Structures are given as structure tokens and as C-alpha cells.
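Only one chain is given next, in C-alpha cells, and it is the form predicted alone.
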Amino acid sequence: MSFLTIDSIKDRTFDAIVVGSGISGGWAAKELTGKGLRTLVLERGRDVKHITDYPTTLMQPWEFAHLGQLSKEYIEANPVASRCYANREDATHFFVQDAEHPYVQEKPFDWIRGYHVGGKSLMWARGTQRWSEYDFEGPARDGFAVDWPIRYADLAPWYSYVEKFAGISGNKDGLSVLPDGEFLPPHEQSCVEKHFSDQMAKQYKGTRPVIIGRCAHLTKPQPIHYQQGRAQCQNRSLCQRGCPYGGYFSSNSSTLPWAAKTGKMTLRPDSVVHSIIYDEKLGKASGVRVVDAHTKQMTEYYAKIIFLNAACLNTNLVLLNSKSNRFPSGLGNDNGLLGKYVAFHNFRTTISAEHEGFQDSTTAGIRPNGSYIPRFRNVLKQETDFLRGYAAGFGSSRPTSVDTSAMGEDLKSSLMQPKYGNWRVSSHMMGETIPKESNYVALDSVLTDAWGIPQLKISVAYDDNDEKMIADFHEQMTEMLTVSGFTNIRTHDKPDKAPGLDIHEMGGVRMGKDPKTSMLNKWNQLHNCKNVFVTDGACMTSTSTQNPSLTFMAITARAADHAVKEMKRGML
């Protein structure tokens, strides 16, 4: 009997464990298996296989019961998930059901989650910009929050590394605030976007560029992408369904199958991680406790190193729930900072306008990307009464209208000759929120989920800095659109819109130089438990104005490289 026990433990022992299979978890799996480590990848949700598990990807609009719209019943049952911009009738199967995964909103917060293999890498908007030196210097420059332990130069080679593999389209714009990368050919701006870009260059002398967005779409696949089994983006703009062509980067189409080809990866879906096991004799983590999603049976798995990539807030939850005699308030939490200094991006407000020119032009086809206005406020000096700044998305379209009042041939003729209206443009703000101790997550002391794990209590809100930034965005964008000849300019703010719908939550397990003021060192290791690495959004010290996913990828690849080197040196 004892031999059976020994064999069972051996079967549950790996070189590395990765918790989570989303964007950062997929990269951890790829890097660790690629360097020869037998790696267990744990995913709390169901399996989703590339192509075969995208059930709506080739469906036509008329094949949906509600023509693509969410039903009244779904919205009433899922008030949080239904508010997400990407959640339509063709994608509801990738969003968690509100009732099945409850959490405590100490303050209103829309927590958007995708519990399945691939996680939110199947649901993201695919914006992929590098962070700049200004972003990593931000906290040190204005003295708010702690200094990052790394700078842009530390990540630059890893940005290049992940960009070449993932496939990022963009234009080399030569902007210090938005470093160039290893780009595939860019998408093309519309004539109105080019006009706005030209006007900004003329009116603001190059200080407020309007560029084509940088995104994770294969505009011209390279041999490394074909080796992954991926093909060119078809510009369908049905990305939320899962892309059967692998036209955009996801864990399912790229990093996970690449890791599987090594023969070193064991993928275990339906595995809800309860906590990390801390061995007090060894002075380090020895494995994880996992609850089977269906049987509710708990099993332990063991490894020398653990990468925690459960997505920002769930990573906080797992660490908070990893209690031991050594760490009674959560793994590595000697300083009491675990779960604190959570921040996000402020997407609360938009602005729209029209342009009466370019009546002889319209768009052709679809483009899964938009234009982008990099941060221009408080870059070289503090020039406003709020900290940090904002970037903005910018898009254009020319709507059509059709007279459907006729019948027969007249109706057919009318349908074939739609009338074009004026060009319309819109822009959404992407504001950097400031990490604060008062924005935190914690475990509820009473409520648990279906797997016996404490529910997460979220207490995150906007502050006065965010309100000032919104007002400045309205003022500056109105001025920029006015001098560029746009009319009917309207601002749209939703003060009652809760944080969370940006899906860019970061922090709670922040990096830093000092164990007294941070949770992780410059290699993403817990200061007080060196064989546990956190490389998803939870590790972020501040939030920049750029999308964070590319930085998650680069940080993960860098940390995995360090972890393997340390293992070989016998230091982990």
C-alpha cells in the first residue's frame, strides 16, 4: 500500500506548476516546457481546444436566435457579464455566469472573467503597446506609490522576443512615449483618421500624434507563425468567437499548443486552485492544493517552482487563501500589503463628432483595429492638477441609411442604393489610475464559493484624480477636434459606471525593491518565498496608459528564464 502512495505522489510531482492558462499562463507554459521542465498547467475552467471548441465562429447572423443580441433573460441573470462590450450572443459561452461565481462588491465593481483553457486571451481587444521609460519611472518621478524595480531597458529585449512569436502589427512611429517594436505591417487609417493625424501634426507640432493602433493580428505571417499552425488575419472582426485561423494571438492558438509539442506539458482543466502549500522545514512552497471542479475532491500537486498566473484578482485570492503557521495572513504577506494597491484603467468616458468633408470616400471591408492617441499629458513635466495621464482610442465610420418604406422592385432598388451620412468619429479615454492602499481586495470572512473557497471582497473605486483626468480629456479632445474641422462634438460620461469593465485590473502583489513596501522582487519572485513567481496583472506596480497584456507576456518570459537558471544553480 505504501508503494502505491509513493507512486501516487510521484505521479503528482512536476518540475514546475503554472496556475492559469490565459495570456501570461500560456507564456509561462511555453517558456518552462521549452527549457525542458515537466510542467503542470492548471486551469479552473473547462477545456477549449483551438478551432474545434469555437462553436459560433462560422455562424451567420440569421443563425442566432436573437440575431447576435443578448436576450432579456440572459441580461437579467447576468447583470455584470452582460455589461461587457465583447459579450454578445455569439460569445456568451466564454463568459462566466454571474450566479455560479459570486463575489462581494464592497464598492461596485464589474469583474469580467473567462474560466476556460485560454482564459481571457480568447476575449481580449488585442491592443499591444510597449510601455515606455516614462511609465516605469512614473512612481519615482511623482513620488506616488513605490518605485518599479525594473526599467524599460530590462524589458526591451523581452518585448522583442514575445512580439516576434505572437505577431504584432504596427507602424514604427519613433515616439519616446510609445517605443517601437518588432512589427508586422500596420493596418491602414481611414481618410478621416489620416486627416485628424495631419491636423494634429500641424496644430500641435508633433506633440500629439494620432497613429494606427498596434495589435496582435497577423497582417503578414512569418515562418514562426506558420509553424504554430496560424494563418493571416481575415479581417472578419468576429474575434470574440475565437479565431479558427489563429489570425490573432491567443494561448489556445499559439503558446499552449507550442508547449504541448515539447511533450513536457500536462494540461489539467477543471482544476480550481485552493491554495499554495508552504513547507516550513524547507522554507519554500512545495506545491498546490486543487479542488476538482466537478467532484469537489481535493488533490495536492508538487513542484520545485510555481508560476501564479490566475489573472490579477484570482492570483490575489489564491495567495490570500494560502495560509500557514509561517504566513497566517497569506503567502509572503509579512508586510500586510497583499491585496492592496489595486488599480485599473479608466475607460469611463468617450467623445464623438462628425466631419462634413470626404463625401466622396467611404471605407472598404472591415478592420479589427483602430487609431490610437498616445499619452501627451504630464510626460516630460507635471503640467496639470492631476497625476499621470491618459491615452485614447480613436475610430471612424460612415453610417448608411436605407428607405424601407417601399415594396417590391422599389424596395430592392432602395436597398441596393444606401444613402451615406457624414463621417462620424469617436474616442475613448484610457486613463491611468493611481494605486492606493484604499483600493484593495480581501477574503470574505463568511461567504464561500461552490468549492469551499472564500469569496473575494472587492473594494475599488474612482477618485478625485480620475475625475480631473476625465474633465481634461473632454477639454483637450474638444479643442483637438474643433481645430481639425469636426462638428457636432459631444462628450459622454457615465459617472455611475463601475470600475472593472476595462478588464485591466492590476496590482495587489506589486513588484518593488524593498520587501517592506512590496511583495515581489525584480524577477517577480515573492520576497519571502523565492520559488513562487507572480507574472500576471497582480505583479504590476503602476498601470501606465498603454494596454498591459504585452507587458504581461514580456515579464513572464523574463521571469521564466530567470527561474530556470536559478533552478539549475540549485537556488530554488
Partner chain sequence: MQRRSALKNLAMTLGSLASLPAWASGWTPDSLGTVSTLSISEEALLGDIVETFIPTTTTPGAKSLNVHLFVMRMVKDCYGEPAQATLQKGIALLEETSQQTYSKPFSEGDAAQRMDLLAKLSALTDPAGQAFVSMVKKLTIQGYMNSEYYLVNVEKFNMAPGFYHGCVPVPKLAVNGTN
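Between two forms, the rigid core is the largest collection of C-alphas that superpose within 1.5 Å. As the structure is a prediction and not an experimental result, all values here were calculated from the model. Numbering follows the first chain given and starts at 1.
Beyond the structure shown, there is the form predicted together with the partner chain, which is absent from this document and is the topic of what follows.
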property	result
Proximity to the partner chain in the predicted bound form (heavy atom, within 4.5 Å), stretch among 59-67, 29-37, 536-544, 521-529	59-67
T92, heavy atom within 4.5 angstroms of the partner chain in the predicted bound form	yes
Non-hydrogen atom contact E73 with the partner chain in the predicted bound form at 4.5 angstroms	yes
L238 within 4.5 Å of the partner chain in the predicted bound form, heavy atoms	yes
Contact of D464 with the partner chain in the predicted bound form (heavy atom, 4.5 Å)	no
Among the candidates Q203, S438, S361, S160, the residue which, in the predicted bound form, approaches the partner chain to within 4.5 Å (heavy atoms)	S361
Interface residue in the predicted bound form among Y302, F327, Y103, Y245, criterion: non-hydrogen atom within 4.5 angstroms of the partner chain	Y245
Heavy atom of each of E188, Q234 and K412 within 4.5 Å of the partner chain in the predicted bound form	yes
In the predicted bound form: members of 404-430 within 4.5 Å of the partner chain, any heavy atom	T404, S405, A406, M407, G408, E409, L411, K412, L415, M416, Q417, P418, K419, Y420, W423
Large Cα move at Q417 between the shown form and the other one, threshold 2 Å, rigid core	yes
